[in-house]
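First, one chain by itself: the form predicted on its own, in structure tokens.
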Amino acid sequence: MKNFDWIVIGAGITGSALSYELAKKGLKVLLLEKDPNYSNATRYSYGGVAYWSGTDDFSNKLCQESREIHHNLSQELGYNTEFRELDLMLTMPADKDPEMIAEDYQKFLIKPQLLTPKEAIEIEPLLNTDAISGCLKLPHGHIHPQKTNNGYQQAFLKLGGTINYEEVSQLLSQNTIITGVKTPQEEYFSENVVICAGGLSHSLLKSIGIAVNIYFTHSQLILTSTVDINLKTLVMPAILNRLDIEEKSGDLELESLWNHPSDEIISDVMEPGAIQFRDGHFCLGQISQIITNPQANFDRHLAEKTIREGVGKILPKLENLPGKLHNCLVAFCPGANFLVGKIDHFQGLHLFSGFTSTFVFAPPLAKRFASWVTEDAEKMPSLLS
């Protein structure tokens, strides 16, 4: 019988950071991951750390904690996360009023600087000024997502943690008390299980009759090879239509579709962004599709064409860079930045998922979660099932 103090399901950045923080507290932790190749939302992401994005006292505090963590994380983990500070350029469509868009950003912890197209191109020469009415400039952090994930895992292993590449097929319980998990290879036992399974969290919880407001999008983007072109900033659209479709996808009218998955495209958007990593490769665009079947197929040729054309309008020199389309599931929870805490009515079951800005909020919340567990469990949030 294999027993642990905690079992963490999912080894993306959420599960890896949380496993590390739990192990730092002296706990015996098992981290389970179904995909040894990590074809997940951590690997296929921009790596942005939007520490400007707090909107209230709590999220502002988390943003400040996050910035401090990332500044020191490479040293703490003994592994280079490639953290850096850079400008975020939020582009505004040529047919939109920049003043009105800028007004929507006044709620954030750090207020953006509104730039004319001419001012924007002085900062980011690759921008097409004919395609924009202006830009919002914000200070932003950036990491290499997979290297940061690797750093957390290597530090976790040094603390005595265990990582197994096995897919969790069942949560084990006696009535409403969690006792562990089952994989095709083994049964593992623990009084505490935390789900960090990203887009698969919904189906895993559903398997034991728990309905939590967490869903997923199918995300597609292009990763390029290393090139000589130099993008100085992180470029994203100021109007994030992805957030709108995510908000609508949790409506009660759509709940039956999530309970009976299909290949139907409920809604989709394409956001023309770009980031260049330190080694010179790019991440281009992002298509987000609401499709309730996690294994749904899609037209890869059309997706790549759509991304390239959209990015090409804003950043023409990037449109035809050699690259490959990738896809993954991205978890979200409508109306919330994340779902973190214990699940009521199931003793020992916890959730740490659904992050909108994962690289901002997951690291500080992982620290807080580990402190709740070992120092003051009564302060841990409860998530109603």
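Heads up: residue numbers just count along the shown sequence, starting at 1. Remember, predicted model here, so these are calculated numbers, not experimental data.
Although it is not shown, the form predicted together with a small molecule is what the next lines describe.
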Do heavy atoms from each of D35, S45 and S219 fall within 4.5 Å of the small molecule in the predicted bound form?
yes
Non-hydrogen atom contact F338 with the small molecule in the predicted bound form at 4.5 angstroms
no
Is there a non-hydrogen atom of E82 within 4.5 angstroms of a non-hydrogen atom of the small molecule in the predicted bound form?
no
Though only this chain appears here, would L329 touch the small molecule in the predicted bound form if you measure heavy atom gaps against 4.5 Å?
yes
Contact test in the predicted bound form: T14 vs the small molecule, heavy atoms, 4.5 Å:
yes
Please tell me which of V227, I210, L257, L200 lies within 4.5 Å of the small molecule in the predicted bound form, judged by heavy atoms.
L200
Could you spot which one of E76, E167, D299, D97 gets a heavy atom to within 4.5 Å of the small molecule in the predicted bound form?
E167
Heavy atoms within 4.5 Å of the small molecule in the predicted bound form: which stretch in 56 to 64, 340 to 348, 315 to 323, 25 to 33 meets that?
25 to 33
